[in-house]
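Given next, in structure tokens, is a single chain: the form predicted alone.
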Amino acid sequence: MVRGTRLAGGIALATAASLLLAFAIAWHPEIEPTMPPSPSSFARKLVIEGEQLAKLGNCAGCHTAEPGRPLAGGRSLATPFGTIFAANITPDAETGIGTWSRAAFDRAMRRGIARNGKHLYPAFPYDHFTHASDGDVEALYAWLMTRPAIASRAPETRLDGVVAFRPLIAGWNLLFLGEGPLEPDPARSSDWNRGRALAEGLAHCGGCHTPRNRFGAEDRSRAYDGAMVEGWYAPPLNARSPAVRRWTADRLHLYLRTGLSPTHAAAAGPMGDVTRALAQARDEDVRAIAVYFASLMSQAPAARQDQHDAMDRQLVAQQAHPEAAVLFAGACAVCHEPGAPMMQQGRPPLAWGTPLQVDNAHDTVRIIMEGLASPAGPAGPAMPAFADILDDGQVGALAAYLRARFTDKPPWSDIGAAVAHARRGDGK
């Protein structure tokens, strides 16, 4: 009886200790609010540096819902756990981060804890920003605090099930947050190390291009293996790259700065926003990122299609998809057939574009339906949207025809689902 009582008491004590430990890990104190700092209190050089870093991280891309209200938050992001709304990160004292001290901002950036002590959901990529240097965080803070304050309260994020209980994020952090800067590789060049630090840190490239596990964390064992993001497929950026032409550092640099590649294609979907931001970033930083990813993709197949087979594939595709071949001739050939004016300007043929080469039809379908805004501005090429012109069957047939004609890959099996998702526009 005494032994049983002692055992029960020991279990209760251990349980209480575990609960206390869990509470200690999950609880973070509020950092007292401060008066919004005066923009003149920041050195101009520091503000300019912060602006360059914000372009690399495409801060405005996630935190802007309305073009005329930059960084005011409210943009939605669909996740498997529910919809998350981006916060207002302007220096507005009531609805933004105007009362956040430098220490509060640092804690949010590198540990995912808001000024009030609440855990931020890791849709905010603090698991990448944790690798940023002290100087980088200081510069970003200076830039944000000198932006116009915009009063705008973002919708409250309400996730499904237990993930709505924010203290559980403390457990996620224990499992998946590796804090601290990345150690440079002495065997690599300074450009490579700078590119890695930016790609893994502020640019958070893995946030789109690395698949996630069931807990919503990036699967680092499959880094840059490609992933679905907001209804688009972000292709692999490693040895699994499906690109038909080899990505070199020079080619990547041009693509990242302009959104166009004569040997590949134009940036589409979320990547269009990224390249528009990178076009304004410091050139040497963008080149460093290009050097890093070119090294990761240096062992990719970069299969060169046999040009002698191109005509045979066209005939086979026309026979297999006769109605789609007619659609292509009427709607697409004026731009995409050899000899078309756009092709004579050095634009890449469809066969070189990654969307047709990957294992799913999502990006091809979305480009057909939504068109393509020029990532290079008004002077660059643009493609009209066909969602209101073609029905679902025609879109699917055209995608199948393009796959058959311009690649040597097997037919897609998910075209119908891709069309349905794009038509709904739900990003899932």
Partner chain sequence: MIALTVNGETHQVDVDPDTPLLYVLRNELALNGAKFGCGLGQCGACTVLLDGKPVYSCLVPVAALRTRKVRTLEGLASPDGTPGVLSIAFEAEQAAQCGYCIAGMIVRAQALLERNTRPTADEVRAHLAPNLCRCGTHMRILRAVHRAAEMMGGGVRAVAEREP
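Residue numbers count along the first chain shown, from 1. What you see is a predicted model, and the numbers here were worked out from it, not measured in a lab.
One more form of this protein exists, namely the form predicted together with the partner chain; it is left out here, but the text below deals with it.
Engineer: Among 115-123, 328-336, 158-166, 72-80, which stretch sits within 4.5 Å of the partner chain in the predicted complex, heavy atoms only?
Structural biologist: Selected stretch: 328-336.
Engineer: Select from the listed residues E230, D219, D250, E323 the one whose heavy atoms reach within 4.5 Å of the partner chain in the predicted complex.
Structural biologist: By the 4.5 Å heavy-atom cutoff, the listed residue in contact is E323.
Engineer: Can you pick out, from A317, A142, A86, A149, the residue that has a heavy atom within 4.5 Å of the partner chain in the predicted complex?
Structural biologist: Contact with the partner chain in the predicted complex is made by A149 alone.
Engineer: Is there a non-hydrogen atom of N360 within 4.5 angstroms of a non-hydrogen atom of the partner chain in the predicted complex?
Structural biologist: Judged by the heavy-atom cut-off of 4.5 Å, N360 is well away from the partner chain in the predicted complex.
Engineer: Answer yes if any heavy atom of E32 is within 4.5 Å of a heavy atom of the partner chain in the predicted complex; otherwise answer no.
Structural biologist: Taking the distances in the predicted complex, the answer for E32 is no, it never comes within 4.5 Å of the partner chain.
Engineer: According to a 4.5 angstroms non-hydrogen atom cut-off, is F386 in contact with the partner chain in the predicted complex?
Structural biologist: Yes, contact at 4.5 Å.
Engineer: If we define contact as a non-hydrogen atom of the residue within 4.5 angstroms of the partner, is L390 a contact of the partner chain in the predicted complex?
Structural biologist: L390: yes, in contact with the partner chain in the predicted complex.
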